[in-house]
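Encoded as structure tokens, the following chain is the form predicted on its own, with no partner shown.
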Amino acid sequence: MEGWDKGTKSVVGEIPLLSIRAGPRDGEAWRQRLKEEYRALIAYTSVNKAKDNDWFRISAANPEGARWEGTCWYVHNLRRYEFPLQFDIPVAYPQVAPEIELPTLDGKTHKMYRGGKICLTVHFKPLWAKNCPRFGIAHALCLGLAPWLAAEVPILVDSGMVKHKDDEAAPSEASGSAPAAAS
């Protein structure tokens, strides 16, 4: 994992590697793989909480574990920016990494495909291919989504493409209009 900083390498080293090569269509083997995925996600979440770096919530959106939804956030200039997160497990999983989607950011950056799928082609996909089937959802979040958020959110905020929820919630206050006086 050349090019990754010590902190990232340390965290990735604490996420358990997976061993079962199975996707959503593989019946019992997929259920065993899903157990490994949950163990890795729990370990990753625990590491993040221990390092005071909690930045996402995610869970399977269906009983088969083929669709996942949640929320991720990034703190920039002491303000927390939250984004809905979703993805489907590809049929060819784990040979093919999931395409992580942040639908509310769709069309706001060039480093995104239609539908809000974040661009991971250049840096992450070769790493995933090299580590198949040992990488799973937790690894995709750690080595794919986390660096993407760190690179893109500050640019989106500074350019005005993304506004903090407090700035969006009070447009009348921002325009300087005073409440009407009671007579």
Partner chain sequence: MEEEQLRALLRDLDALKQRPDDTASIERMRERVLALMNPAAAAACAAAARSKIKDMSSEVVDSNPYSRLMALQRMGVVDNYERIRDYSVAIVGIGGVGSVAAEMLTRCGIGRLLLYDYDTVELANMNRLFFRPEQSYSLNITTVNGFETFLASLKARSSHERSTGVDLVLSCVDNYEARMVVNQACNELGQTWMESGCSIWSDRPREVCGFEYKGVVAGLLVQNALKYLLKFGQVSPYLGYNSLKDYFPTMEMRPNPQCSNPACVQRQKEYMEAKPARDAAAKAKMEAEASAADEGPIHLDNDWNISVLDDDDATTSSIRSSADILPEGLVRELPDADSYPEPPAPVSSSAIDDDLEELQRQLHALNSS
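Positions refer to the first chain, counted from 1. Source: prediction; values computed, not measured.
One more form of this protein should be noted, the form predicted together with the partner chain, which is absent from this view; the next part is about it.
Partner proximity in the predicted complex: residue 51 to the partner chain, non-hydrogen atom cutoff 4.5 Å: Contact check for residue 51: no, nothing within 4.5 Å of the partner chain in the predicted complex.
- prompt: Taking heavy atoms only, is residue 46 within 4.5 angstroms of the partner chain in the predicted complex?
  reply: Because a heavy atom of residue 46 falls inside 4.5 Å of the partner chain in the predicted complex, the answer is yes.
message: Is it the case that residue 25, even though its partner is missing from this view, gets within 4.5 Å of the partner chain in the predicted complex, heavy atoms only?
response: Residue 25: contacts the partner chain in the predicted complex.
task: Answer with yes or no whether residue 155 is in contact with the partner chain in the predicted complex, where contact means some heavy atom within 4.5 Å.
output: It does not: once the partner chain is placed as it appears in the predicted complex, residue 155 has no heavy atom within 4.5 Å of it.
Partner contacts for 121-158, taking the partner chain in the predicted complex and a 4.5 Å heavy atom cut-off: Contacting residues: 125, 126, 129, 130, 131, 132, 134.
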